[in-house]
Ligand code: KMH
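Taking the form predicted alone, here's one chain by itself in structure tokens.
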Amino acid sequence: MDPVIITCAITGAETTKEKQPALPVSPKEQAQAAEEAVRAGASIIHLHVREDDGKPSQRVERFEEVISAIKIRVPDVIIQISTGGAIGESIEKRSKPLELKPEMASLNLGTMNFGDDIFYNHPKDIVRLASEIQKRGIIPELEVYEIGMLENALRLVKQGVLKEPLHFQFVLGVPGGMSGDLKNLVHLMSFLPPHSHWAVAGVGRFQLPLAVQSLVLGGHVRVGFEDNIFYKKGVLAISNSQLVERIVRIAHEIDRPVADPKTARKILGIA
């Protein structure tokens, strides 16, 4: 089987230290968590940053500080910045970190109910972000929470806004989007265009079963405290790297190689 790319979403914008004391928030904590995740087998770090008070931030200077700290520890890792920001944050703030020209950035493809909130992505803002990402030579990771978002990506290809091959991330288990039922994953896979890449980020209790299913089906995997703070029911994970290590063990059990950053760049077409 082809190598699996493991992404680790180490912090996110919603998780708090009150719920997960091991959550990395400061630049030093995030750099250490990223290094541990990469040593465990991750090749991509999906990055949200926080200010000193723990609040989510899209400030360019903060992203630059954290990325520099990570690169000192693990210079080969692929940094994927989030343009999702926090719920309710303006598109102007969400797009600012693109100025740093990371190798990858997330691109959300539609508006949706997100728990008790609304995650707002106006069509014109999606086009604007997609254009900014590709103008800067950044690889977009297309975040798909339900089938309409995947079909929206295909429309954007026809309009020339997105270029193939595409890299999709199926984010399943968010209240308001598709659940982590295996039938939903198979349904999404059936709409994938040829030569595209896909990964799964299972939220909460869906993280482990979806990761295993993705390994078996040939997809890639995202784990980390952004999506799930538990190792098993009722037991908090010790670290992000503990979640990565488990996926690596399972991949080895089914003879699925784990991609290092160099291999991940080759698979994704990162120059």
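These figures come from a predicted structure and were not determined experimentally. Don't overthink the numbering: it's just position in the shown sequence, from 1.
Missing here is the form predicted in complex with ligand KMH; even so, the following discussion is about that form.
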For the interface check, one of 160-168, 111-119, 191-199, 177-185 should have non-hydrogen atoms within 4.5 Å of ligand KMH in the predicted complex; which one? 111-119
Could you tell me which one of Ile87, Leu154, Ile91, Val74 places a heavy atom within 4.5 Å of ligand KMH in the predicted complex? Ile87
Any chance Glu226 has a heavy atom within 4.5 Å of ligand KMH in the predicted complex? yes
Can you work out whether Asp260 and ligand KMH are in contact in the predicted complex, taking contact to mean some heavy atom pair no more than 4.5 Å apart? no
Can you tell me if His220 lies within 4.5 angstroms of ligand KMH in the predicted complex, counting non-hydrogen atoms only? no
Hey, in the predicted complex, does His48 get a heavy atom within 4.5 angstroms of ligand KMH? yes
Output the sequence-ordered list of residues from 134-152 with at least one heavy atom within 4.5 Å of ligand KMH in the predicted complex. Glu143, Tyr145
